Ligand code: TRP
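As structure tokens, one chain now follows by itself in the form predicted on its own.
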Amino acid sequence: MAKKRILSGMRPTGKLHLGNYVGALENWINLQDQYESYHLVADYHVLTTDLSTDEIYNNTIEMVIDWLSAGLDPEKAPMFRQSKIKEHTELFLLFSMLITKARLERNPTLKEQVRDLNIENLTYGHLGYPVLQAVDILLYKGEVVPVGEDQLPHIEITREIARRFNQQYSPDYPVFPEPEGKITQFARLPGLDGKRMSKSLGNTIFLSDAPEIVTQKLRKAVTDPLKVRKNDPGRPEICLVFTYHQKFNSSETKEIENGCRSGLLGCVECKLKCASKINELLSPILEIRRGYENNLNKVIDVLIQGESVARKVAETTMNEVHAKMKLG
């Protein structure tokens, strides 16, 4: 039986943090043997909120180094830049004819972005970015898309566009699948201040952080405000550091929970235990990263190779689209 196809990507914003790893990258790595996987650097998507292109290339390299260092295998999962596959822009134009402005304005994720980023003048590109995401998925006929729950509305828009195209141009034999979202098990990891983990908020632990940096950052992480001294009973259910333990130190979670509630475990010791476990995770990633940092040509070769693979798939899809639409 042929493997189902996965398509997923990230905007290139530079080095990745633990939130990126937990929310997406770890899942990609775990799925690459089960699915036929394609992963794109969503560089066009950067322009929806920032017109500057000065750092896109460097940020792309840093991000792909983290993908490779964490265990994503380019032989199993081709990696490629969206902007290097011209078919993305053509299919974006065609798909834009299949969805209304009103439908895009109902997108809850867009509403959240407009509010959080305080956007007053919404651009056409930002309004239509779910259409470009639909292109990213359907150009490669992605059947499964690993996402957090907040991205499910985008999957639904993709399904609607696929359905509309099939009904309009290929009712007897669907050109595009209607992809399913695969929910990431541990979709969101809070930042060190308890807010959403974000580089702009300065509350991240990067996959490239040295052990002493991780320990230093964990020392400043927020904890239960009522647990001031070691012997004070704590409430792990509201403690950020305990959330990290649940993800990175599951074997000791029960012991840590009991120690916190009883007051036998102080916050300093708890944070050091947590830092140790995170550093265990990051140690092999750091070692592999150093190799790529010393040979950036290997990273570029991975992208060029992935783009060659992706381009062939994209060209085949667009030939089918042209035939069904009787264009060209």
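None of the values given here were measured: they were computed from a predicted structure. All residue numbers are counted from 1 along the displayed sequence.
Quick note: we don't show the form predicted in complex with tryptophan, though the next part is all about it.
Contact annotation: tryptophan lies within 4.5 Å of heavy atoms from the stretch 136 to 144 in the predicted complex, the single such stretch among 159 to 167, 136 to 144, 68 to 76, 209 to 217. In the predicted complex, tryptophan stays beyond 4.5 Å of every heavy atom belonging to T204.
By the criterion of a heavy atom within 4.5 Å, A42 is counted among the residues contacting tryptophan in the predicted complex. Although the partner is absent here, G19 sits far enough away that none of its heavy atoms falls within 4.5 Å of tryptophan in the predicted complex.
Residue contact with tryptophan in the predicted complex: L25 places no heavy atom within 4.5 Å of it. The listed set Y129, F80, F95, Y244 contains one residue whose heavy atoms approach tryptophan in the predicted complex to within 4.5 Å, identified as Y129. The partner is not shown here, but in the predicted complex the stretch 1 to 33 reaches within 4.5 angstroms of tryptophan through a heavy atom at L7, S8, G9, M10, R11.
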